[in-house]
Structures are given as C-alpha cells and as structure tokens.
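Single chain ahead, written as structure tokens, the form predicted on its own.
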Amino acid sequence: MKTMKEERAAILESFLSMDDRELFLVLTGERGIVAQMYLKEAAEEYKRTVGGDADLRTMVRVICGKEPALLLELIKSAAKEAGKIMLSASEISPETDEKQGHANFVTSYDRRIQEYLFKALHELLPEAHFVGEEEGKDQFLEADRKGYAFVIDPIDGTSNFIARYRPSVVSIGLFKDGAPYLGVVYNPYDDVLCYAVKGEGAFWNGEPMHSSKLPLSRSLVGFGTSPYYEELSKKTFDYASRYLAKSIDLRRSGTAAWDLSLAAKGVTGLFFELKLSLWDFAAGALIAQEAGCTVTDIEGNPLRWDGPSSVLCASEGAAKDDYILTF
C-alpha cells in the first residue's frame, strides 16, 4: 500500500505526460480536489526550497527530482517529430539555396525543422537561449552562458539529404551555464536515437553505448572534409593519409553528429574533422564522451564548446601516440 508521500509523487509525476487539456480534465474531475491539494503543497515546497514561482511542469519536475529525465524524454520526442519532417521530404533540390562557403546548402526542410524545434523546445524551456544553424549564430554570447541554451542542427548532413544519400540526422545539444549537459542525435532513416545526459552514460535506442577497446590498427577511422573551408582540404587529406596507414580503412558519412555517435557505439575507433561549427558537434561530442571516448581538438587540447573548432574523437582502445599527429 502506498504511503501518502508516494501517492503524491505518483499523481504529480503523472501530470508531466499530460497535455494541457488532459490536465484540465483531471483538475476539474473527481481527482481534482486531491490533485489541487498536492499541487498546493508542491508549490509551497518549491517556493521554500528553490524560491519564486514557476509554471506547473517546471515546478513538478523539480519537486519530483525528474528534471534531467523529463528533459531528455521531451527532447527525444521533439527529435523524433523533427525526423518525421525529414522523412516527409520530396522535391528537395529545387528548394535549395546556397549559403556562404563551398557546397554549403540549406533547404526549406532545414528551416521547417529548425522552426519546429525552436517552438517545441521553447515551450519546454521558455528561459533557454537558442543557437541554430539556420539562425546563423555560431558563437556563444555572454548571455548564452547563463542557464540553458539549445544548440541545434536541424539537418546535419544537408548535402546527403539533397542527394538522398543516407544518413542525415537531427542534432540537439542542451548546454547548462555554458557547459554541455544533454545531447540527442536522431537518424530517422534507421530510426536510431542516440542520447546522453552529462555523467549518466550514453545510449543507442535505450541500450548503453561504449567506445571500442580495440587498438587503432584494428579499427576504422571516420572523418569529415570540412567542405565549406577549401583552404583545409590538403591538410585534411594529409591527416587522412596518416590515419589510413595506422588503421584498417577510412569512412566518411557526411554528418559529424552521426560519425561521433558511431565512435560512441564502438563502430569506429577514431573520428576527426579540421573545422566544425558548434551545432555540428554539440550533441555528438557529449554522447561520445559519455561512452568513454576522448574528445579534443585536433591537437589534443580540450574543446572550448563556444564556437567553431577542430574535433578529434578517440576510442578507449586508441593509443594517444597513434592519434595525436604532428606535421
């Protein structure tokens, strides 16, 4: 038999999965008196322990200690809805506009998905700042370092998307006080959802992910060509040539967020790219770290998480002498 405290927690937590209409029906129905009593108690507890007022769902998730889990579930749901928009795409090429940089494209679907995500995630965390590819802001401003900030790539792998060359993914990173807190990468074509919360491990469709313990000599190496930055082409392939000699072979998917997820899964032993935007690696790099990978810039320095950077992601089995290269 449940105690009163357990009953209160169960009722409050049930509110988190309800939309506004369902919640209204509960509060005005037979359970309304009890529910209102528990909500009043929860509001008083929130004011006492946290201070101030909050919307219902914020208050309940904090009081129930469900904030990270709730955030993750709702962001995963938003990523899947965004994936549905991607899968619905037709007549892609005629809608394509070219952005600054070699082969740097955007489609109407990039914009539609970003608009959807901004709306859905704003409803979840109204106080959060947003950094999104189609918004054009690729640096963390001082204001973005306080509280929550979403870093979004609506379609990572737009060139793949246009050519119908799989995969392309939805990438959502959530930062807290300027540091990565949560990451979700969704590949709708294979229905694969990769995600992580800082300090809680990484998961592939609910199953724990761990990086490979194989040495680099027995591993595949994933890489990106930084195609928007033609001045990096020669250096990129100099690195690729060196890594090819140290590994089984090279692979290129065309989406950094997915490549980082593959390293987290142990499919590859290394991934590198000489210049990525923050939205390209915000989610995937955290997922890889939580799976046991070492993620740095190409020279082995810690990632700064505040703007464009080179990225080097090494598995647990890769020896540092094999993957930190000097020219």
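These numbers come from a predicted model, not from an experiment. Numbers for residues come from their place in the sequence shown, where the first is 1.
This next part talks about the form predicted together with a small molecule, which is not shown.
With a 4.5 Å cutoff on heavy atoms, residue 252 counts as touching the small molecule in the predicted bound form. Among heavy atoms of residue 227, some come within 4.5 Å of the small molecule in the predicted bound form. Proximity of residue 273 to the small molecule in the predicted bound form: non-hydrogen atoms within 4.5 Å are present.
In the predicted bound form, residue 256 approaches the small molecule with a heavy atom inside 4.5 Å. Listed residues 196, 221, 185, 155 were compared with the small molecule in the predicted bound form; 155 is the one with a heavy atom within 4.5 Å. Heavy atoms within 4.5 Å of the small molecule in the predicted bound form map, among the stretches 175-183, 157-165, 238-246, 123-131, onto 157-165 alone.
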